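Same protein, same chain, two forms; see structure 1 and structure 2 below, as structure tokens.
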Structure 1
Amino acid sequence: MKKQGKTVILITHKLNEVMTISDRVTVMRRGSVVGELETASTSAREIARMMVGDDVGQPVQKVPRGGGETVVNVEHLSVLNDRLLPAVRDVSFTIDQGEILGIAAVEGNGQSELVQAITGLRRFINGRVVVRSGNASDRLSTRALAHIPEDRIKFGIVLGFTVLENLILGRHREPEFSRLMLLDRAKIDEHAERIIEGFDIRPRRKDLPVKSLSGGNQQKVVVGRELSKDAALIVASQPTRGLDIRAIDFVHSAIIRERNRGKAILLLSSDLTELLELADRIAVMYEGRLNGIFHTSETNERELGLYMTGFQKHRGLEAAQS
């Protein structure tokens, strides 16, 4: 269209779109223009800085990992979807300590069902999931597992609850928070304040209904609660969907920090850039099967795309299933 001599105004928060398409960029923040730049003479980071008003903190760097022991072992997992059709077919993989395994797949290729099965929200028809020593199909192991669910409104938070109440969701039975049948308000207060402070949840009020928070802060409630759990395995589904740059950055740093602390992390994301940035290995799912596992350093968006859409099949699986 530009070649036809048309003027195009592109409004987006996706910086790579801006960088590849536009000639000039106007950055707005809180209803007013904060700057106008030539695309060729600026960088995504600079635009990001202008958008959020201060420097987006340098992301936490991944430390090289030594060979940790295996935390989760998924073997020959098969799961049905809501319509009782096979959604996950014979999937096997392992995740080690201090490793982020990314899952890349086009929506509807079984990745959501896979996550639900691993986190105990969906029964599986075959195979098993072993988290360290406990079995994840067993509800008791919710403690061994932190789960940032794909759809936070539907699963991750109770919209009608306050921030405080949401910060103990799923952890309310831990002896730390409940004695006999009563909730220990003082301990819960302390816990909530710690997370609100540590994860920068705004406004800093634990008694507000969580639905009055912005989407990014709601997500921080979920991320904060789950990451403060000290579980061996963290399952994060679309952890940054719908967030602004600053929040995305925050969540990314938090995930990497947990990785560096030796957690095993299963990361599901529809954003390949995010996967390539965070994951150590990336598994591609296609039609419910694993269609390749790659070391992040040895692959790129283009290659992942070919495997996600089924144009190329099976790579690196033998090694992973050994």
Structure 2
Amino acid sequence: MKKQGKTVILITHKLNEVMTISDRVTVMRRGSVVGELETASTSAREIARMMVGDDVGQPVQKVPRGGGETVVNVEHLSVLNDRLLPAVRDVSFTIDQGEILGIAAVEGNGQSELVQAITGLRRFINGRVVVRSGNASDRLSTRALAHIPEDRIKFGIVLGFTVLENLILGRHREPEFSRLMLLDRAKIDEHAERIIEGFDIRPRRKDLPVKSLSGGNQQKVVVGRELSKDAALIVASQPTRGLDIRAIDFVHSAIIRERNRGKAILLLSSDLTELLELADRIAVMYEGRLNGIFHTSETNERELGLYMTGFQKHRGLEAAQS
């Protein structure tokens, strides 16, 4: 369109898009213009600093993995979609303590149904999912699971509840928040204020209905609640969708911190840069099957793209389709 002489206004928080496409950049923060830059003479870090007011995007520090025990076993899982057609086809993988397994796929290749089956939101027609929590193994144990859902409105929050109430959803019966069948208001208030401050949820009022918050701040409520759990498995589906640069940086750091603490994490993201930065291994899905699992240090966006679109196929997948 530019070559045709058209004027293009691109509104995005993805700095790689800004640096690749734009000629000039206007930076806004909290509703006001804070600067205008020539793209060729600036950097993604300078733009990010202007967007949030200070430096962000420092490299995420991972501790070396020590070969922890297997926390998650997914064995020969098959799942139908809403039209009762095969969406997940005989998928098997494991996730160890202190490991992030990323899922890379073009939308509609079964990744959403896979996550829903693992988190108990969708029935599966074959296979099993085992999550090990402490010394016990439970099939789809909700006590061992934290879930940041892809659809926060449908699965993550109750719009008519307050921010405070949403921040303890599913946890209100835990001893930390209740005694003798009564909620401990002081501890719930303290818990909510800690998450609101840590995740920069705006406005900073725990008594507001969550429906009054922006989509990005609703997402922060879900992420903050789930990452505050002491769960053996964290399933994070599009955890930074709709978030600003500072919140993305915070969520990335929080996910790595949970990994470093020994949590097993399943990360679904449409952003390959995010997967390559956070994950230890990346499983590629194509037409409902695993089309390869790669160590992050040994792959790149180009190779992943070839497997995601089916131009390159794993031997097992080729045999299944022949």
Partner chain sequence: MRLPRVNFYPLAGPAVASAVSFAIGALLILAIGRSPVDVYGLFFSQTFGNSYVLGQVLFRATPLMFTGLAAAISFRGGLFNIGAEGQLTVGAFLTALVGCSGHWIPSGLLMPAALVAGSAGGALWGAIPGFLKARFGAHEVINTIMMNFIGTALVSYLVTNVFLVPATVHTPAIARAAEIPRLDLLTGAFQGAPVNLSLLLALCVCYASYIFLWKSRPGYELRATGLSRNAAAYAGIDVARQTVLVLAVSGGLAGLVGSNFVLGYKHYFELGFSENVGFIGIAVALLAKNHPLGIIATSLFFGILGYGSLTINTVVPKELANILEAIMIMFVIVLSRLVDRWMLAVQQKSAA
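Just so we're on the same page, rigid core means the largest C-alpha set that superposes within 1.5 Å between forms. Small disclaimer: the values here were computed from a predicted structure and weren't measured. Residue indices: 1-based, along structure 1.
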Please match the form predicted together with the partner chain to structure 1 or structure 2.
1
Take the rigid core as the frame of reference and indicate whether the C-alpha of R123 shifts by 2 Å or more between structure 1 and structure 2.
no
Rigid core fitted, is the C-alpha displacement of R194 between structure 1 and structure 2 2 Å or more?
yes
Rigid core fit then T39 CA moved by 2 Å or more between structure 1 and structure 2:
yes
May I ask for the C-alpha shift of P203 between structure 1 and structure 2, in Å, based on superposition of the rigid core?
2.9
